[in-house]
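Have a look below at one chain only, the form predicted on its own, in structure tokens format.
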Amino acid sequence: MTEQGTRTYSPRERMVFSAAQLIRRDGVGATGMRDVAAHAEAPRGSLQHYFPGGKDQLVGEAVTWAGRYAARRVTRNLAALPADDRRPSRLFAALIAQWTEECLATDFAFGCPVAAVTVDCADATDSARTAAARAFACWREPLAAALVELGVPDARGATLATLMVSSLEGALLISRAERDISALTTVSDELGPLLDAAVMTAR
């Protein structure tokens, strides 16, 4: 979740991205507008220009960006599955692997910004929590569609997508607390057969 790609980003886009990175590292309460501007290398005066709604607006847009990014991850990983092994467990393992790599690369300093906003109830406004709920939905919807494409029955796609996101987020929290990837590995190993069994049942 730390890459922006190769194209040139506007100051506004950089600030949304930077807000997401700081929130996932420090939480909502510890992320200040000035910190975001400095991280994005943007003029401090541009904050009010781009975000007249202040921190609430910036947090909401950062969370929305994170939800869309997670959805794009699902799409990319689905497309990368080998033609001869397109199992739901492989898709889930790929998603887990990316978070595992990030945990190790950042010494467990970074989590999910959507989860951070949800957990920081005291520092998150109603609008931010609403944005977090929408971000989770933005993540689950393409995941459910991907499961159906991989052979999971329509009736179970949404519920299994919720299980996958919930399991991933919980494992990520445990891994950060323990500074160990065992929880992520366990979730991938244990949930994979259940996901594949949904396809077998459909057949």
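Because the structure is predicted, anything quoted here is derived from the model rather than measured. Numbering starts at 1 and follows the sequence shown.
Form predicted in complex with a further copy of the same chain: not shown, discussed below.
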**Prompt:** According to a 4.5 angstroms non-hydrogen atom cut-off, is residue 160 in contact with a further copy of the same chain in the predicted bound form?
**Reply:** yes
**Asked** Is there a heavy atom of residue 26 lying 4.5 Å or less from a heavy atom of a further copy of the same chain in the predicted bound form?
**Response** yes
**Request:** Evaluate residue 186 for contact with a further copy of the same chain in the predicted bound form, applying a 4.5 angstroms cut-off between non-hydrogen atoms, and reply yes or no.
**Result:** yes
**Item:** Touches a further copy of the same chain in the predicted bound form: residue 58 (any heavy atom, 4.5 Å)
**Value:** no
**Message:** Within 4.5 Å of a further copy of the same chain in the predicted bound form - does that hold for a heavy atom of every one of 118, 133 and 140?
**Reply:** yes
**Request:** With a further copy of the same chain left out of view, choose which of 165, 144, 42, 33 has a non-hydrogen atom within 4.5 angstroms of it in the predicted bound form.
**Result:** 165
**Fill in**
Of 66-74, 169-177, 33-41, 47-55, the segment with heavy atoms within 4.5 Å of a further copy of the same chain in the predicted bound form is residues 169-177
